[in-house]
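Below you'll find only one chain, the form predicted alone, shown as structure tokens.
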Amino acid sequence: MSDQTTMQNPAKQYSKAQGQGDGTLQPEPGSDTTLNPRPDHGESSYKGLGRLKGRKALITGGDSGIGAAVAIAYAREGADVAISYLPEEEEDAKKILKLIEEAGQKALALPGDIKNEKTCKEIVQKTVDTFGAIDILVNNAGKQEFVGELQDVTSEQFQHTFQTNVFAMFWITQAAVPHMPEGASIINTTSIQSYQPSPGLLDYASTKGAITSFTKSLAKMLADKGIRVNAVAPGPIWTPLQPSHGQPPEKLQQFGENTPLGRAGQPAEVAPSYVFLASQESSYITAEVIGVTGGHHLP
């Protein structure tokens, strides 16, 4: 794991091997517990400074990958954190919930499939019932499946990707906003794929384009309510999304090498952007997208 406070060459902060698999695939939805090599979520390195003291956060996909790193960071910054996840991701979720509690914060487990509108409304209501409000909403859960040929993209896959990545974001946000006070923040996870889509990720890239537009439009809609809406666009980050059929086996072995920094990123390197956008330090930033891409710049 890397020291996040010592100045160093970012290209060498993590070895290439820490962000590449051996080509072995996992069944969806993937697991951090069995991911090899293990990613860095900031378990040992993230040091909080009280930026989010007293806040109440809801993070979708908070059991693993970027969502897990954000959950750890938010807790160490002083926020109570609710994480939603698929029931089959319980093992990963338990580890993150334990880390939230070890940071001295309340942790709320919200298992369920957010492709279902009823589930989306329920996780919001359970968060409000437990915490009293939602000060930070992170729409992060995502589905990605690599398919090389257009004719092989099934209607079921296309629909499920949009339900998970776009419809759930809409349903959860719509349910959450009435419970969000002035000064609250919504942060969506888009992607470099919104700007530089790869062949084989047609449905995924399309949803990320939709998330980017949703973010910018919603920010203008909610500005008069004092709620800011922004997004983070990660590049190649080593998470279970990649080996659970998000990339073909041959691409996993070179994952992230085509970035200017020459390596894949770690979830711990993405989480600080979510902290910044949730904190009052970013009070004049809304309708914006922050790229965490290893050098593949956004337009």
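Throughout, we count residues from 1 along the sequence that is shown. As the structure is a computational prediction, the values presented were derived from the model and not from experiment.
Omitted from view is the form predicted together with nicotinamide-adenine-dinucleotide (NAD), to which the following refers.
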- Note on the structure: Answer key: of Gly48, Pro272, Pro29, Gly256, within 4.5 Å of nicotinamide-adenine-dinucleotide (NAD) in the predicted complex (heavy atoms) is Pro29
- Asn140, Thr127, Thr215, Ser185: which sits within 4.5 Å of nicotinamide-adenine-dinucleotide (NAD) in the predicted complex by any heavy atom? Asn140
- Query: Taking heavy atoms only, is Thr173 within 4.5 angstroms of nicotinamide-adenine-dinucleotide (NAD) in the predicted complex?
  - Reply: no
- Query: How about Gly78: is it within 4.5 Å of nicotinamide-adenine-dinucleotide (NAD) in the predicted complex, going by heavy atoms?
  - Reply: no
- in the predicted complex, Glu102 touching nicotinamide-adenine-dinucleotide (NAD) (heavy atom, 4.5 Å): no
- Should Asn230 be counted as a contact of nicotinamide-adenine-dinucleotide (NAD) in the predicted complex, where contact means heavy atoms within 4.5 Å? no
- Task: Just one of 185-193, 149-157, 128-136, 221-229 has residues with a heavy atom within 4.5 Å of nicotinamide-adenine-dinucleotide (NAD) in the predicted complex, so point it out.
- Result: 185-193
- Message: At 4.5 Å, heavy atom to heavy atom, what parts of 58-81 sit next to nicotinamide-adenine-dinucleotide (NAD) in the predicted complex? List them in sequence order, or say none.
- Response: Gly61, Asp63, Ser64, Gly65, Ile66, Gly67
